[in-house]
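This document starts with one chain, in the form predicted alone, laid out as structure tokens.
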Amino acid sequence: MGLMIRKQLPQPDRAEIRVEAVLQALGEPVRLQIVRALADTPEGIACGEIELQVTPSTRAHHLRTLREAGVLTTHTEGTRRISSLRREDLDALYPGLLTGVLSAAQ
């Protein structure tokens, strides 16, 4: 059995995360749905396992937007891409922001 290689996809460092990009990323309903799913699964979830009513290419676009804004991190495990919320980074930079967004009425 071979060793599984984990590869981190490009993302901003904590110091590079900007509140404007985070808010813009969270301001879209499908992306907010992704963030809610990830908040319920701290260990991460395979991108295809998040239940969304969008095409695979649209799903990939939304995940990339969230990753590039610094909202989530994604790594590969074999052929799967596992995403998780960058809650620690976001809470350190913008205390209460994520909690407020997630507790807002759905």
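When you see a residue number, it is the position in the sequence shown, counting from 1. What you see is a predicted model; the values in this text were computed from it and never measured.
Here the subject shifts to the form predicted in complex with a further copy of the same chain, a form of this protein not shown in this document.
**Request:** Identify, from the list L26, C47, A39, L52, the residue with a heavy atom within 4.5 Å of a further copy of the same chain in the predicted complex.
**Result:** Checking each option against a further copy of the same chain in the predicted complex, the one that comes within 4.5 Å is L26.
**Request:** Spell it out for me: taking a further copy of the same chain in the predicted complex, does every residue among V19, L97 and A104 have a heavy atom no farther than 4.5 Å from it?
**Result:** The answer is yes; V19, L97 and A104 each reach a further copy of the same chain.
**Prompt:** Within a 4.5 Å heavy atom cut-off, is I82 in contact with a further copy of the same chain in the predicted complex?
**Reply:** I82: no contact with a further copy of the same chain in the predicted complex.
**Any non-hydrogen atom of L9 within 4.5 angstroms of a further copy of the same chain in the predicted complex** = Answer no; every heavy atom of L9 is more than 4.5 Å from a further copy of the same chain in the predicted complex.
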